[in-house]
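Okay, here we've got a single chain as structure tokens, the form predicted on its own, with questions on binding and movement later.
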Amino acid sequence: MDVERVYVLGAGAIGARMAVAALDAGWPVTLLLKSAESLRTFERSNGIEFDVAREQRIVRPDAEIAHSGTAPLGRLLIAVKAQQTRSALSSIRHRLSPSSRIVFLQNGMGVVEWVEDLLPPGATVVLGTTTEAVWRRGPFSLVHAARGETWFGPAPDRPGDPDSAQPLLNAPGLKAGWDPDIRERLWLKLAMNCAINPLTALLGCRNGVLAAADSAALLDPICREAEIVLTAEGIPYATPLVDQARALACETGANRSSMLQDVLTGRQTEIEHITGYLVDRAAQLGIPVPFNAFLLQAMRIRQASVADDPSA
């Protein structure tokens, strides 16, 4: 098995950023693309255009169509949007084995449980979360806006170890680490996404709007509900979530959230794996979360209206 090659499923902003990081760390990398059209676009681009501090370079991983490849996937990084995971993973299921090392680096929670039946028994599964600020200027053209932190840890009830994330743990230019209790970081990231993403998507605004004082009335009830769920889950937080959310909105003020970008382009969003996960978990715990439940339903209606609008 070609265990030393890193395969990246999902060549969006984060997937392509991590492909660059693994290449910089000296690992061979192959992008697993969804179609022949995507492969042609990549070939015309001659690689990934990576812009850091206004210095541009071209990074050249290999690439192939995901479903047409046959080589076993020893090391796999899954970076597709959460809602796309099942179909994307199904396309490469035949290339996975119990010795595969699989890393999920996505927004939201509950994805591994959702695709459990597609994962080989015994395969190593690792979860990741990142605050790297990177956006796409175009297909395979990245702008690195700010350096964040990237953390990995074992998935629940699955074997997992730092070696599975090794291509990224020591990558130059990437501040990465291993956390054996990654669950806490995942929950805190989920809470911030619950606060910012649905509101920006529904309001059609950049993140910075939520940093304004008059936005506290919107953020506060969402964050208070999330705090109750986090407490029930045993997840500590040193600062009130509403303060964290406003600080994050200020730091990323010029950014459009990924959920807003999906709405604007008529794509399905990650709402079911972000707010939907919080609402479902709250229901299991017997905790009422009416504000988050409202946002979930509003986003479902918003998505449906975009899908029904031929001009969108």
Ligand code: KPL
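Sequential numbering from 1, following the sequence displayed. Model, not experiment: these values are computed from the prediction.
Here the subject shifts to the form predicted together with ketopantoate, a form of this protein not shown in this document.
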Exercise for review: Please pick, from V125, L89, I196, L230, the one residue with any non-hydrogen atom lying within 4.5 angstroms of ketopantoate in the model of the complex.
Suggested key: I196
Review point. L248, A282, L39, V59: which sits within 4.5 Å of ketopantoate in the model of the complex by any heavy atom?
Key: L248
**Study point:** 4.5 Å heavy atom contact, Q106 and ketopantoate in the model of the complex
**Key:** no
Review point. Taking 4.5 angstroms as the cut-off for heavy atoms, does T150 touch ketopantoate in the model of the complex?
Key: no
Exercise for review: Find out whether any non-hydrogen atom of K189 is located within 4.5 angstroms of ketopantoate in the model of the complex, and reply yes or no.
Suggested key: yes
Review point. Is T30 close to ketopantoate in the model of the complex, meaning a heavy atom pair under 4.5 Å apart or at it?
Key: no
**Study point:** Per-stretch contact check against ketopantoate in the model of the complex, the hit in 283 to 291, 254 to 262, 64 to 72, 41 to 49 (non-hydrogen atom, 4.5 angstroms)
**Key:** 254 to 262
Study note, to complete from the structure: Within 204 to 238, the residues having any heavy atom within 4.5 Å of ketopantoate in the model of the complex are N207
